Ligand code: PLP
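Take a look at this one chain, the form predicted on its own, written out in structure tokens.
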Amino acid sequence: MDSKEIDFYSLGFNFIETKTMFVTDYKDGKWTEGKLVPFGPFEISPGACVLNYGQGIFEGMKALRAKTGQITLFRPEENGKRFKDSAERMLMPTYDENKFVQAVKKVVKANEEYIPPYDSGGALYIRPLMIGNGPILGVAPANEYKFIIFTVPVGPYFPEGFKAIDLEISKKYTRAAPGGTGFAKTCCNYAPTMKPAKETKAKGFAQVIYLDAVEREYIDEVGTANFFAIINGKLASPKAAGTILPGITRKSVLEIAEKKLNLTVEERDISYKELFEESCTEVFCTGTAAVITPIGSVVLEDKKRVFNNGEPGKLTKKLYDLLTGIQRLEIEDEFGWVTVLE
């Protein structure tokens, strides 16, 4: 799609084709050099491992336009590390982390015209994707792989923007079990969440809060985002012990809260019951797409808890302002997180 045809001020979180993608192939035990090519389809065997056994991983990143006009990436090296961890868990070849970041930069620069203006609130979403495209019949890893990076201009993931969303706690569905692939960003973790999301949205909720798969009591994640709560004045988040995605935004929020707001942070098991107690004063979720999204209420069957009259909490707003301020070069980046593209 021609960038001149896009209304950057009314973007949703939908697929819009851009011009250029990065592609490299893994054959005979090594990656090809990789190159920028026009965005478009490619041939794949019906026997491809990704089609038959789900051997695929991906990442989610954003390029932002600062008020100065500069283009920024937020902690891209962390995405490179997580991509490597996901590949190892899915028995796929790893891709050099430095080359990963360099490839991301090339794709963003090649699609620079698709980066939404600063005042639109949008971003250029970046999707690194690796698939086992070699054909295989038995349950075994592929012999050939394809690594692609493409981009899409997007608005906010939750249409509400920085407004509180309503969530339903599920005791019917779980997202991941101990010993599984919950920490890996693999495509097969996401298809099973579509049905719970559809069912809860039909009831008027924005997403599901998933509980642990063993006791059905401790919070894991919010759909495709990490969970946070202010409990007894401390910032708590479920511990990254293998069943939740180790979010880069999550990691950053924990550090900002501790170093910029002097909050005590806890990575621990959080019972859903704690959300219905007065000691829990604010809740929110985080992610590359969700950024920091306030949670206005949670529901479990006939129980409902409303936070701050359904409005964003004060600490949630402070964390949001600090995070987005750093990402858009409006607050000094004392952490060294932001990469500015030259």
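One rule holds for the numbers: they count along the sequence shown, beginning at 1. Since the model is a prediction, treat every value here as computed from it, not as a measurement.
Keep in mind the form predicted together with this ligand is missing from the figure; the text below concerns it.
Using a 4.5 Å heavy atom cutoff, none of Asp212, Pro238 and Ile270 lies near this ligand in the predicted complex. Put simply, Arg250 is close to this ligand in the predicted complex: some heavy atom of it is within 4.5 Å. In the predicted complex, this ligand sits within 4.5 Å of a heavy atom of Gly223.
In the predicted complex, this ligand sits within 4.5 Å of a heavy atom belonging to Thr286. Interface residue remark: Lys146 is not counted as part of the site for this ligand in the predicted complex, having no heavy atom within 4.5 Å. Checked against this ligand in the predicted complex, the residues Tyr173, Tyr190, Phe183, Tyr118 give one hit for a heavy atom within 4.5 Å, which is Tyr190. Leu245 is the sole member of Leu245, Val208, Leu254, Val154 with a non-hydrogen atom within 4.5 Å of this ligand in the predicted complex.
Shown alone, this chain has one stretch from 257 to 265, 91 to 99, 132 to 140, 225 to 233 that lies within 4.5 Å of this ligand in the predicted complex by heavy atoms: 225 to 233.
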